[in-house]
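Quick heads-up: it's one chain on its own, the form predicted alone, in structure tokens.
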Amino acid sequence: MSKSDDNDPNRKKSTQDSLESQPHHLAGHTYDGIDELDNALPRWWINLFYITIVFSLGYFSYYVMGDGPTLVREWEIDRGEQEIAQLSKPAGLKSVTEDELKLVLKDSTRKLAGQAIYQSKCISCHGAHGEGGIGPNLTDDHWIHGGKMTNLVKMVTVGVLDKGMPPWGTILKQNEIHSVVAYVKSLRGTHPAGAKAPQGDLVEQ
């Protein structure tokens, strides 16, 4: 639009006549000689407004008056799921053979290190001497998940979540897991007092 169009009196008059010909509802307020119009809101806007009211009532009923989780509770649930998923992942340990683990079993220094780990991590479930408690007896020849040392390495690494044993693969290092497995294996046949009844299958050693 050119400047000449802005100054065209005929164009201005035409625009004014067009506005005046439209139906208007005055709100009854005048400011500096300007009348405030009271035009109806668009139907789609009104319907959207009503929808937000209905939604807010449902939201209030569920989250405020009902059992809907708060933001803090949702955060706790999400964090718990993430921790479980993280703990369920093995620590990327390299594979180890039975013969390699038997060498650890013969190393008294490694077994002492494994004993220290056992005392700090395992006593609460398996007893101070492997006699069992919440967990099974570790001193007999019966095993639930296999009696080889490689079986024990896997079980310690990934845990047994349905029995309450956490996966230690994300907490202990590879050599620490091998050491504690060697110590557990050294408990065989020690017959501690108050030993729990055998569980699992008999494994010939």
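Throughout, we count residues from 1 along the sequence that is shown. None of the values given here were measured: they were computed from a predicted structure.
This next part talks about the form predicted in complex with ligand HEC, which is not shown.
Listed stretches are 45 to 53, 32 to 40, 59 to 67, 163 to 171; the contact stretch with ligand HEC in the model of the complex is 163 to 171, by a heavy atom cutoff of 4.5 Å. Taking L103, V96, A116, C125 one by one, only a single residue has any non-hydrogen atom within 4.5 Å of ligand HEC in the model of the complex, and it is C125. In the model of the complex, none of the heavy atoms of G132 sits within 4.5 Å of a heavy atom of ligand HEC. In the model of the complex, ligand HEC sits within 4.5 Å of a heavy atom belonging to M155. In the model of the complex, none of the heavy atoms of L187 sits within 4.5 Å of a heavy atom of ligand HEC. Residues are counted as partner-facing when one of their heavy atoms sits within 4.5 Å of ligand HEC in the model of the complex; in 127 to 144 these are I134, G135, P136, L138, H142, W143, I144, in sequence order.
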